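The form predicted alone is given below as one chain in structure tokens.
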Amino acid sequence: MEQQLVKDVKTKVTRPNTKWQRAKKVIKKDWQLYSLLVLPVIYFVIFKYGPMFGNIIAFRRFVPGGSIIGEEWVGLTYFNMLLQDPTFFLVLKNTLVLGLLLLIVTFPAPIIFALLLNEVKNRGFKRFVQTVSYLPHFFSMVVVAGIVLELVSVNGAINNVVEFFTGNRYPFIQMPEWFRTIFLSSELWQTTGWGAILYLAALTGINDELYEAAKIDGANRWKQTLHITIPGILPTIVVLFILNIGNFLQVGFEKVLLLYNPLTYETADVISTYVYRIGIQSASFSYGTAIGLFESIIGLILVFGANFMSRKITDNSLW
């Protein structure tokens, strides 16, 4: 009896440390593998989690040259300014429209491209198409913007074609109604090939026996794609869709900044470029931080919402 009591007491004393001891034992056993995590963890702490501390100046009045955490608490003053700023609602509308168009147009494009490429049987032609489609991804954003601006300029190649059919030339890059078309077209050109890589990798994981069984049952290529190929890559589609939702409000900050100009602010100005102008160019750091924090919170809500809906509808989710 006495021995049992001693055993119970020892168990109660050691129980809170059981998980830690188990984790310590596992880390000690595979320390070479866990040591590979050191640099990524340091990177995330310094460049991802550390800067989050700077969000505090969205609630404090920051004066350049003063305290790094601001001079005084002002509560939700900058968020009230945000809700009373008519320019903010214009950039919010532009961001939502551009983000939605990107999801509708550029998200399905790599899936369709991968499905079409998967049907190509000539390996040489397939590799050539893949190489050509991947190439724009490796171009610098400045180079991409330069190519786009050159193509749509008044003396550019597109205007040469337009003049041939209509007899007129148009300053497309200075026309607000053409900005979204130009932006979406350049995104399709730059991202479709590279985005198809993950789907092509997922396609190689589908069991060939499923296709053989479908052929025996009389299924044609369309029915095989519909009932085998698409369900086979559905988890990949869901994961990438949720990740795209997370970037819904960012809509390619660098490209927008390089392509837009004051004449196209009406349709081109988005939240991230507005934050840049307010926070950096106008030196309103606290107000710019409040806008950026608002954008981040909305993005976080969208990611959680998309993950929840995906889990309910398709049984696939990011977590």
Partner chain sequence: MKESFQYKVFRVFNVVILLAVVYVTLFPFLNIVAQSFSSEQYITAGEVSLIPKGFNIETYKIIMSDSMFWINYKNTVVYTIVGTAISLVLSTMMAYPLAKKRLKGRNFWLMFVVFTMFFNGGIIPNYVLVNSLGFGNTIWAIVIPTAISVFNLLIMKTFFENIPDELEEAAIMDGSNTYGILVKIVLPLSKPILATMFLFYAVTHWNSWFPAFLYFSEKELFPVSIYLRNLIKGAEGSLSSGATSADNLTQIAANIKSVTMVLTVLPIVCVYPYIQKYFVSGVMLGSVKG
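Rigid core: the largest C-alpha set superposing within 1.5 Å between the two forms. Owing to the predicted nature of the structure, the values given are computational and were not obtained by experimental measurement. Positions refer to the first chain, counted from 1.
Separately, the form predicted in complex with its partner chain exists; it is not shown, and the next lines address it.
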- Position in contact with its partner chain when the complex is considered in the predicted complex, options Trp194, Phe88, Phe79, Tyr170, heavy atoms within 4.5 Å: Trp194
- Does Gln250 reach its partner chain in the predicted complex, with heavy atoms at most 4.5 Å apart? yes
- Item | Close approach of Pro136 to its partner chain in the predicted complex, 4.5 Å, heavy atom | yes
- Query: Contact between Lys121 and its partner chain in the predicted complex at 4.5 Å, heavy atoms?
  - Reply: yes
- in the predicted complex, does Phe128 have a heavy atom within 4.5 Å of its partner chain? yes
- Which of 176 to 184, 142 to 150, 90 to 98, 226 to 234 has heavy atoms within 4.5 Å of its partner chain in the predicted complex? 142 to 150
- Considering only 262 to 287, what residues come within 4.5 Å of its partner chain in the predicted complex, judged by heavy atoms? Val275, Tyr276, Gly279, Ile280, Phe285
- Under a superposition restricted to the rigid core, does Arg311 display a Cα displacement of 2 angstroms or more between this form and the one not shown? no
- Task: Answer yes if the CA of Ala23 moves 2 Å or more between this form and the one not shown after aligning the rigid core, and no otherwise.
- Result: yes
